[in-house]
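One chain follows as structure tokens, the form predicted on its own.
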């Protein structure tokens, strides 16, 4: 008798074990959100496509994927929540604030070019009050400063050399707000004898998807995939330094957005430290590090854990002599992309981050490291500490 495959996406597979409830960062800090079991498979049994949404609390899901990681039945809880949230927001309508937060790539180049003026405004108390009053962007949240030149501009004047080629999907934030992360990525890859190339690319679309805008996110994916396909079909693999961008392209493009060719792209797309770990396993990683007497703490972002590749940054950084590195035992940082910028969600975001702040305080590091730009923003906001991408420390261990 032929057995049919178990329907893993069926909400009825949920055995109500409540493991997801135990790890949900939102339901832990506010009674407004009933938790992933109720919001996902529980409510899904009663949702009908033709009926209006009746659960406004679905918009409180932060999209951390922790519920997916602990579900013993393999129910894609976060996807059920996201689809329900998209329907709710489509019916309710999205404010101008959400459009601005998810389309920052449209004006980030101008903001970077006039970075002195832009950054003055972003720090100005009056500007923050206006953004709070008229856009509901919480005035207590520090807005990330812009940099000039951009990473892309720096790269145009940089001559990359190496025996092999590697392509880099750097992402919007690295381009205009943290260009040194992109610069460090290029320098580390070149130190391992790779010539770095930048394929044409747009925003990955994750901010839109996180706000339930499937149409906008798919539009970005349909632009990116042909560029990336052309790159890998020329024999060049692609790496990413943002775990959020990487998860979006490697997982959501195919599973949620059904973008043609995205599965082929996913097979040739690697997290930066995953790629470096593969080099080490093959005996090809440059490990001529200098002594680096520094005490650091590492935080693994939610999207990295969802990739299921372990903690490759820790594996590589522990090769650096004299570097004291501790793994931070905490879950979601609480920012959740655009979630923590919104006035109605700021307090929830900060409450979620308290466990992470306490864990960092216990370790008392000089610097905190994390692969996600959102986590870096949140940890700076929570602790006031210097927070870097792990690749910046690795670069410095070669170039000290």
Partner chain sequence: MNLKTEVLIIGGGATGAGIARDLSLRRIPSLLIEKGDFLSGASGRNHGLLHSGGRYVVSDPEAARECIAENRILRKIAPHCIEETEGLFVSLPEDGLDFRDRFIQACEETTLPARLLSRDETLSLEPGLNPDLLSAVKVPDGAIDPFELVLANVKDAEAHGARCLLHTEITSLLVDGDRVKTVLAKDLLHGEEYLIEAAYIINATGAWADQLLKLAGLRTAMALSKGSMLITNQRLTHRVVNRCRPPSDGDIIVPNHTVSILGTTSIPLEDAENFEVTHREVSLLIRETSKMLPAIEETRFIRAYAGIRPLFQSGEKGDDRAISRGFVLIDHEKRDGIRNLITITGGKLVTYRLMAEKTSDLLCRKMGIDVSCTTHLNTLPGAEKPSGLKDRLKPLGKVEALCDCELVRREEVEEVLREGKLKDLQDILHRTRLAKGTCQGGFCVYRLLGMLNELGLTEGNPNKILKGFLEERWKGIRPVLWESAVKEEELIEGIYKGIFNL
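All values derive from a computational prediction rather than experimental measurement. Positions refer to the first chain, counted from 1.
Keep in mind that the form predicted in complex with the partner chain is not shown, yet the notes after this line are about it.
Of 187, 213, 73, 153, which residue is found within 4.5 angstroms of the partner chain in the model of the complex when only non-hydrogen atoms are counted? After the contact test, the surviving option is 73.
Give a yes or no on whether every one of 293, 389 and 399 sits within 4.5 angstroms of the partner chain in the model of the complex by heavy atom. Negative, none of the three is within 4.5 Å.
In the model of the complex, does residue 16 come within 4.5 Å of the partner chain, counting heavy atoms only? Yes.
Check residue 38 for me: does it contact the partner chain in the model of the complex (non-hydrogen atoms, 4.5 angstroms)? Output for residue 38 is yes: heavy atoms within 4.5 Å of the partner chain.
Residue contact check: residue 59 to the partner chain in the model of the complex, 4.5 Å heavy atom: Although the partner chain is absent here, residue 59 would stay clear of it in the model of the complex, with no heavy atoms inside 4.5 Å.
Contact flag, residue 10 vs the partner chain in the model of the complex, heavy atom cut 4.5 Å: Output for residue 10 is yes: heavy atoms within 4.5 Å of the partner chain.
Under the 4.5 Å heavy atom criterion, name the residues of 16-34 that approach the partner chain in the model of the complex, in sequence order. Those in contact are 16, 17, 31, 32, 34.
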